[in-house]
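Heads up, the chain shows up twice below as structure tokens, two forms, tagged structure 1 and structure 2.
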Structure 1
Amino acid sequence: MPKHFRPAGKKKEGNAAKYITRTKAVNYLQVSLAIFRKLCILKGVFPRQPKKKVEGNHKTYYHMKDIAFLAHDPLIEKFRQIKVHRKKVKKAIAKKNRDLADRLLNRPPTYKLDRLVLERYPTFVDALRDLDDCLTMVHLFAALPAVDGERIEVKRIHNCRRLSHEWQAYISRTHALRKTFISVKGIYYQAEVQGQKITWLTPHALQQVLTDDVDFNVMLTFLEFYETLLGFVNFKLYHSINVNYPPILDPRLEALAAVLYSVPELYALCRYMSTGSGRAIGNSDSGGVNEKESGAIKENEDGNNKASAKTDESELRLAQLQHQLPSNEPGALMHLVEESTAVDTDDDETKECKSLFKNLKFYLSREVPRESLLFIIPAFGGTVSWEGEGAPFNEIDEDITHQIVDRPTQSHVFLSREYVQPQWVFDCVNARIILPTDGYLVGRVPPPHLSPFVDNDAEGYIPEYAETIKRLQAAARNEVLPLPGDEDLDNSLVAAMMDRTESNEAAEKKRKLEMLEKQYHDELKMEIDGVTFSNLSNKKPDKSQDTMDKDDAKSDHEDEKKQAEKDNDDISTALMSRRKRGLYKAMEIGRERKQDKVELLKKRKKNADSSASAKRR
């Protein structure tokens, strides 16, 4: 049989053999569509775009290898078992065999997803890279109302809440948080873990609306995988900082957490982590591993006059500390742990983040979003308390430097502290400096809250407040007083130096640019002159025409320049292939659109300014 001849229905080649439509895939796997979906979600199989769509344009195509990958998974067998089990239960109930039904219901077939997690993310970094969606989803479900009898089990929502708090506790503890942004959709956070930028969105801490335009089956399947993934990721992260996982929380705080909508849970976790890491170090010490390091830690602890270095007593002592510290010395525990675990591998940014709120003490009023602030402030080295049960210190504490309130007026005012709106914290974090609190005081309309995710220079439009912040940053960098602590001094000096060199460079660049521009102008002039010159030298001079030319040149100088630029463009586009020219034009259009957007913003700004000034008058 010649090679090109293929009997009908026999093997195919090329795209027809490589890709399979969804319907065919479902038939091939002999599963229902719902199970197929579930399999795809859990295994991370997605449709692909074949070069040539053999079966039609409006179909989704899966790669045959992906489908074979699904077919070989034990999960498919497990799903069949679950189906059979469901039938058995149904039959038992129909036959009024309550006994059997109960027995069956007690032990449904279960499956684990750890293997799938490892399969999809062979290295930890891979998992971190894809963690954005996972975190957003888990945080979303953590905010959903836990209603009994709904499709979403209460248990799962609690699990989501726990996982999200564990994650936040880790980020807060390692000072990995980089950017925060309050948007209408919720609060965005960006953290940097092992060099990966992870961004997630938490909804505002309000009652979420359960809409019926979503398919919860799909979302819950995703959530199932994400819960597992985040569990393992948290385990690995906690393991990396020598903390036991899953954390065992202070029962008192945990009980409170149950009552008070999870607020102090995060705090409890943080405390657990602080103490837990200490305990783990103690354990490693007793094990004889890393003796040197632990020795160093011990020295540190000695320096703080906090502990005797006896290993068998360390656990007890830490437990004592845990109970004793929050009541009288809130900052100390954090401080101690920080000192003891001060790892030199912290990069500059982490150091910067760690020391942003270093000597500040915050107190949260009743009405501010406690959860996010309890997460953010410790992540940047601050100490925080709140109004309510389980708080480490209360409102009358004299050391409080900032009280965060979100109400029109504050009745009782302590003069020793500043009353600011929550946006101040977020803006400080994004700017990485302590901003002046004037604009954020109680009852004022705060300055605009800007997104830290936008590259203003690339976008072409810099909002006014961004410039103000930039100026403040520059000022902070230059005028920073050498703080006690040699590290900071070094830093500031280096920063100042850097600044100076940078500014020098910038100035030089500017000068060069100016030079170039001047040269260009001169050349342009010379060109015009030069022509007339050659004209004069070579041929019989045509004086009147010449002068006319000159006049024209002067008056239309700008026009000519523009024309020349346009001509240059035209000339170079003339030789492009049609495809390239199309691409070039498309890029031009994109550029113009961006420009238009910026123009619109500028126009609006101008209008707003003019109207504001009119009002003032």
Structure 2
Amino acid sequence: MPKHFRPAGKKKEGNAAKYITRTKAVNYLQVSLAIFRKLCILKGVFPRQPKKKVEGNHKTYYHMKDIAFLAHDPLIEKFRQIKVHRKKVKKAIAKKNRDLADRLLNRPPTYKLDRLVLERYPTFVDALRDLDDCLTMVHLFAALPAVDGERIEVKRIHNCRRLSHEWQAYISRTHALRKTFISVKGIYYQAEVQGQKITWLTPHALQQVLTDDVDFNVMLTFLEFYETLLGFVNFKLYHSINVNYPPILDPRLEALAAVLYSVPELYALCRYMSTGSGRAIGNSDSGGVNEKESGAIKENEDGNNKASAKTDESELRLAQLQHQLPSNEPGALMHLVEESTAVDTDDDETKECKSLFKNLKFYLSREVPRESLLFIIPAFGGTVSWEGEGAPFNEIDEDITHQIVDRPTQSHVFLSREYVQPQWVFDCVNARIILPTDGYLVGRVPPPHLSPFVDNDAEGYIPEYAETIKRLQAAARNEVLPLPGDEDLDNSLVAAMMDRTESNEAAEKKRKLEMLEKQYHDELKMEIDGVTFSNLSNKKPDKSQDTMDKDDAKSDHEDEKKQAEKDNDDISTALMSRRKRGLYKAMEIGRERKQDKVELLKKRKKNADSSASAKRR
């Protein structure tokens, strides 16, 4: 018998030993399919695609090591205890033993996911890299209606709103927001936190309806883990800027947040982070999310939140709301927190974002998307207020420079401020300059809202308004700004850009006039020299004939060059393998589709321009 002989059926090898189907995995773990799904979501286990599917292509496969990883997790025992507890409650109710049922319902088995966060994300950077879906899911549930009797608990929705506002307050405080874009799905944001770019989507502030097409059980399982993850991330980020977490808000603003949750609560968080309520953290630079540290912080919360401290902090925040502090604007209060080090560690991009809306004061009308603008404007150094209770200043404030409106008519107009549409704020943020407000005035059709996530050079098509913004950006970089103290400081940049554009147009006109003048002098000199029109006309055909011969030779040379390139491509394709040839053809098809899309956009733009010119006539 050979040394390495293995009898058939005794031991599996290869893909049959590495992978297991979902049905066998459920039987191996001795759990239901719903609990198996929940375990896979919480532990981050996903199906695999083996090269050779032993039991058929219609089945789902998991890696055997992942299933063994799930089998040793303590959560399985917790889920079994919960199942047994439900059976006990059901049995007590069936026997009409209401006292036993109430005792069981008051003491259900619970579990925590803190260990899973540390297990899946060993370092804090790993958690930041995987935060896109987390933020999108939390902001989605934060926009759902908090109504009793629905499939989603009210406390879960309130918790999502709290976590989302805490995240937005940190991004606004640290000026980490980089891009924003309004789409049909919602509003996209991109922030840069500790060198990691984080992109998330928030739904529009509309009435949401819970449909039956969505499996909310699966989504709530994801949300359960994402709530824990975002809580740890907020805890780490707040302590990195020496601010206590969870924040203690003003009771008056919290009462307002119960009615209008979006504006007062986010504004209260910005106030809290700006009133010097931070503290020094000795180990704020640790690499991972430490479970023991967070537990110790939570245990010490009761000792730190004494009645006297609450009273002092509440009085300070109320004093700010009542204009008893000299710097009451959110943009100015952002700079009141004393940093742990005296050295300015902000990079150039952060400094640019911090000073974009500097010295600008905004007022939001009631019809504009308040929550989005209240998040964006302070993130870029501006001061903002709104119409309603809890606002830092009223509409009649004479220092307001821009009022964001979305109605064609206004009850009263102040001549000292600009009335612009909300799109102007988003376009200024993406362009990183103060754009002219002429195209965004009330009642006008605004310019196209361009996405900052699209690379126009790679796509091969640059919109006309993108070229205009590029010219304005170049003018802003090359123009000398006025000295501080000028009364028209907020409008000087726009005026400088417009002056530069007008000077470029004047220079182009002057160059054309000089060319025409030179042509006139040449013709006059030829007339003085005695060159007749007949001699000039006889010379022109020869020149045109030579030009035609040169053009024909040039076209023949181009045809020969194209033919040579085609032959080289055919030879290269013939030498490729079948798989590489298929990939090459797919790349060529992708290039052709992109070129066709560019040609379609150019054609649409040409038709739009022709129709617009016809209407003007």
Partner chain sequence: MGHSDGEHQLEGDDLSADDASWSDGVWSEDDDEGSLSFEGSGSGSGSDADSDEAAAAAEESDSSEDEVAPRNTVGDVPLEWYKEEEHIGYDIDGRKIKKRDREGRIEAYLKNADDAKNWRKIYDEYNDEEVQITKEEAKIISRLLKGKTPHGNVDPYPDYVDWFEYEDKGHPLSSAPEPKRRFVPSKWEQKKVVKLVRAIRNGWIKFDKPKEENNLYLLWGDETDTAENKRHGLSYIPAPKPNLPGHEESYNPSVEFIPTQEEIDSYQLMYEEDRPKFIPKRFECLRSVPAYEKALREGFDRCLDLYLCPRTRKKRINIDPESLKPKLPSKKDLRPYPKTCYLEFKGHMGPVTSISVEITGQWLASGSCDGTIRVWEVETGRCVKVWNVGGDVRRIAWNPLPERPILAAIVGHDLLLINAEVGSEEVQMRAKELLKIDEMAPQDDTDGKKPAVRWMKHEKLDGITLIHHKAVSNVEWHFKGDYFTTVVPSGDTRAVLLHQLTKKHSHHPFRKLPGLPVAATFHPTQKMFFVATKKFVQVYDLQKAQLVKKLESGLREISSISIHPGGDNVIVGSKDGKLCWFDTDLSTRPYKALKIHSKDITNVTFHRKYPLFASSSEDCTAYVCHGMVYSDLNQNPLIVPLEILRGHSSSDGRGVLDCKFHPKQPWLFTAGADSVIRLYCD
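Remember, predicted model here, so these are calculated numbers, not experimental data. Note that the rigid core is defined as the largest set of C-alphas that superpose within 1.5 Å between two forms. Numbering for residues begins at 1 and runs along the sequence of structure 1.
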item	value
Identity of the form predicted alone, given as 1 or 2	2
Core fit, then H63 C-alpha moves 2 Å or more between the two structures	no
Large Cα move at S577 between the two structures, threshold 2 Å, rigid core	yes
Per-residue C-alpha change between the two structures, A564, threshold 2 Å, rigid core fit	yes
